[in-house]
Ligand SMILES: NC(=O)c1ccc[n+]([C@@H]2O[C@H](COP(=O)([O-])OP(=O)(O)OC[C@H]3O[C@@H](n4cnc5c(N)ncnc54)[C@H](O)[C@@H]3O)[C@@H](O)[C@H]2O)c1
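Below, in structure tokens: the form predicted on its own, a single chain.
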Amino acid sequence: MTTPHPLRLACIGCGARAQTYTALAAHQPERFQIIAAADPMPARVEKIRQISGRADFRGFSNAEALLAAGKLADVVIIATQDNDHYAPCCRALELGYNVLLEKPIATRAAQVLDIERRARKADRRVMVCFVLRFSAFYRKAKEIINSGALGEIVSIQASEGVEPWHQAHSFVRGHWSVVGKSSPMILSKCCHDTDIVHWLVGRRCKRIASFGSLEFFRAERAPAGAPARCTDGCPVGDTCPYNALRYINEKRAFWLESVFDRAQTATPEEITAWLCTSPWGRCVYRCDNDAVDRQVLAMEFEGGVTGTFTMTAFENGRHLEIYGTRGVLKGGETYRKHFGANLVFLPHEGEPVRYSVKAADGGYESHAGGDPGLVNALYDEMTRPPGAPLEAGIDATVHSHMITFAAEEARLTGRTVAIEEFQKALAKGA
């Protein structure tokens, strides 16, 4: 359907996420116009310029410069590194922007609550990029729950297998490896998951306990004679699954591309030279990382619903089990790969029902498939009548973040945390 007033979009941060969202938006010119972007890397701004296809596109060297130019667009997409979400979001709200904010909302609980407060005060809309809410897999699960087929939800179990190479790339060598410089693993990687559990259950979490640690990617686990860098000649390099020289070949697509702007055209020699000084060239057992490689959450929701969530570096994909008074719903990557169905409903009496779903972009049904869903929803969300709630608005997603912050508090202190009391204490200290 043609819309008379396309939303004008500006980007702060022009990395992989922003490029994905703007590329999807560019395919709907009747709904979106991409008119500006800011990033310290000129090549990344240029990518957004090319995606926009506009002669009047404006590029800026940083967030401050774009925001100093006044209100250029209807919606600003903030897709910077996690620690750089808070300040530009606050300024954008002051200028009258609505915001599409990459997750997490912020890396500190008090900042999350402050953005919620500022958005309400400014009467602006903040839509959080929780793409799982828009993925085919989880929307089908929500549809089955809402149909009443499961009866009353009793308990939910969810897990995320980060995948060993992803853990090494992002949380050992990469941007999220040091908690003090980024945020806890349960927030940076798994606020998607706490959000989807909260969304599926449809109730607030009351209490939470958590356990987890960094056990594998540690110096004492290094093979004998392993050097500081994979480029220094490792004696087990030929068999080590984490050998950084794999970025030259099979790990070049997507993984190297996400951190090295010349990944597609660089020669093997150029990539090797880059690895000699890059964080991604380090031995995974000799980094400065402190992000956990395993963590489990135990949750109690309103109405007595119980839940668990497990994050592990040593599995691939997300899995889900929901137990109801009339049946059980199970699904995830293993079901898709080995049984040909994304979800299976097992009634307590009767025959199983299998469900296959398809991502809107033909991709991974439970994550990447949510990207087009998110962008497709963006126009409708930002043009809803005043006072209408957003499907992934900040008022609906702050609680998901509070679950992660309370979980980390529980992990570090070894106690069960009451989330409402935890949030009240934050508000008092603000």
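Numbering starts at 1 and runs along the sequence shown. The model shown is predicted, which means the values in this text are computed figures rather than measured ones.
Omitted from view is the form predicted in complex with the ligand, to which the following refers.
K.L.:
Is every one of M41, Q81 and H85 within 4.5 Å of the ligand in the predicted bound form, counting heavy atoms?
P.N.:
Spot residues vs the ligand: full contact, yes.
K.L.:
Looking at 341-349, 155-163, 73-81, 295-303, which lies within 4.5 angstroms of the ligand in the predicted bound form, counting heavy atoms?
P.N.:
Contact criterion met by 73-81 only.
K.L.:
Could you confirm whether W176 comes within 4.5 Å of the ligand in the predicted bound form, counting heavy atoms only?
P.N.:
Answer yes; at least one heavy atom of W176 falls within 4.5 Å of the ligand in the predicted bound form.
K.L.:
So in the predicted bound form, is the ligand close enough to K103 to count as touching (4.5 Å, heavy atoms)?
P.N.:
Yes, contact at 4.5 Å.
K.L.:
Is there a heavy atom of L412 no more than 4.5 Å from a heavy atom of the ligand in the predicted bound form?
P.N.:
No, L412 sits far enough from the ligand in the predicted bound form that none of its heavy atoms falls within 4.5 Å.
K.L.:
Verify the contact flag for C129: yes if a non-hydrogen atom of it lies within 4.5 Å of a non-hydrogen atom of the ligand in the predicted bound form, no if not.
P.N.:
Yes, contact at 4.5 Å.
K.L.:
Using a 4.5 Å cut on heavy atoms, which of E30, D395, E46, E64 is close to the ligand in the predicted bound form?
P.N.:
After the contact test, the surviving option is E64.
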